[in-house]
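Consider the single chain below, provided in structure tokens and representing the form predicted on its own.
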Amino acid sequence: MKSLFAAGFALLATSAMAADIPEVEAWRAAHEAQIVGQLDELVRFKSVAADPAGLQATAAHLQDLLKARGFDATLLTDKDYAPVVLGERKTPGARRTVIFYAHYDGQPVTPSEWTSDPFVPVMRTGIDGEYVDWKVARSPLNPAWRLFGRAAADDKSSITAFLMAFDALKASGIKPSVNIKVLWEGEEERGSAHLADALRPHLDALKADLLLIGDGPLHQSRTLTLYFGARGGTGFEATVYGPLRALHNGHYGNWAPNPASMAAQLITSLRDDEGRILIPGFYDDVRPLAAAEKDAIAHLPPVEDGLKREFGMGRSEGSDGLTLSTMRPALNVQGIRSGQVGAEAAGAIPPDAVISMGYRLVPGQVPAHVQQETEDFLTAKGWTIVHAPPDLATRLAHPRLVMLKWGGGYPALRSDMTSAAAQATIAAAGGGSPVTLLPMMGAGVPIYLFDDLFHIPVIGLPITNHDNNQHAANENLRLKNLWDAVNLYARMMSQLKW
């Protein structure tokens, strides 16, 4: 245990930087335009679910990029899912094999919400800065500049960093320390629904000792970060029913049930103002944090006060602090729709209310069980649950009627932070400098799936800025994060040994 604490938990200042490989950093500094150009090129591919041809073209291009670097590269294709890109490059004498994972698909876009075309990358001097033509700018490029475009951060920056790090090592004459395998998928943003089925016939070809996930942002302190798990999730849409049609609230108010008010009551029965889930026994299945995980959280740099200012928040839910709160299950209200507001508001009782709610689950919890717990609780509260639009007889027979539509679900996972592979990853990532360690990322990635398929340690290698607008309009990547990522991937390819 002592070596793990020395490698990862004994944090110094939040500005501490990893020890870069001098030859790689020199190559990186001399090729900034090439690195940005590679990311710019990838962002221009419309790799979103609404554009299957764009996904196909992106995968084919990624295969070509790997082949150009001497990788054996293939595509797993099927009419039901976007191609999966597999690559392999062996290192003579290497004892270990590492899979580098990322996804090349991006979230859907609403172009009207963006300040520029989501698939025509632009550089700006900051998150709200002025546009700048990086192609004619003199080196070195300002590390505070940001490249805007869909998937610029999530995950095409990780793919770019991997490719450029490989180029840097090759140009510097530095031999990888491991056999390298690549796994890039194109439907992560839709839950990786087909990934397991796509990979199962190829498990022999994917045998490895470690899987590194190139997804997610750094800790909000902007320090070098590794994470060892991710929360799971499930969610539902609830439709609460009132009258068959909107009714004048002067003539019928205080008599006709108001579904907007009923929806608010449903929400507050499930969670309180501090975010605690109120279903009896809900936390019974939660696996407690291990001692090493608690110590890692205790040594994280403080960020809460700065984030409250950044986000304009007067308080936070609960008293655990940001990271410890994301180690617990959560129930989030993602949206509410009922009637109209503002100038369009009418003096009427709306006919229904629709709520979108999502659970974030932690190890020990099973999505199907959480779904059943929720329905049992609402039934005990007097709700009649249906799973299809009710007919008139059903509406008349039940005074508190709600239709639930559940989405898919997946479990959470936390890997062992004290394993030999984990210690080797911490040491290689930091190059002798401290590393910020997160037992589990609050968001979800298919980490559980890889554990089930490969039975090897799975560790997250996040690189992006925490304020990258991931999954939202004006997604962006800060150049300093890209520069650091090239060096990090180079260390992962050349310094991993255990």
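From 1 onward, residues are counted along the sequence shown. Model, not experiment: these values are computed from the prediction.
Form predicted in complex with another copy of the chain: not shown, discussed below.
- Is A443 close enough to another copy of the chain in the predicted complex to count, meaning some heavy atom within 4.5 Å? Contact with another copy of the chain, yes.
- Query: Going by a heavy atom distance of 4.5 Å, is T115 a contact of another copy of the chain in the predicted complex?
  - Reply: No, T115 stays farther than 4.5 Å from another copy of the chain in the predicted complex.
- Message: Considering non-hydrogen atoms and a 4.5 Å limit, does another copy of the chain approach R245 in the predicted complex?
- Response: Contact with another copy of the chain, yes.
- Query: Is N254 one of the residues lying within 4.5 Å of another copy of the chain in the predicted complex, judged by heavy atom distances?
  - Reply: Yes - in the predicted complex, heavy atoms of N254 and another copy of the chain come within 4.5 Å of each other.
- Exactly one of R395, R89, H299, R96 has a non-hydrogen atom within 4.5 Å of another copy of the chain in the predicted complex; which residue is it? Only one option qualifies, and that one is R395.
- Query: Which residue among S172, T384, N249, T77 has a heavy atom within 4.5 angstroms of another copy of the chain in the predicted complex?
  - Reply: In short, N249.
- Stretch in contact in the predicted complex with another copy of the chain, which is absent here, among 314 to 322, 78 to 86, 191 to 199, 411 to 419 (heavy atoms within 4.5 Å): Contact criterion met by 314 to 322 only.
- Triple contact flag G275, R309 and N332 to another copy of the chain in the predicted complex, non-hydrogen atom at 4.5 angstroms: The answer is yes; G275, R309 and N332 each reach another copy of the chain.
- Query: From first to last in sequence, which residues of 198 to 226 have any non-hydrogen atom within 4.5 angstroms of another copy of the chain in the predicted complex?
  - Reply: Stretch hits, in order: P217, Q220.
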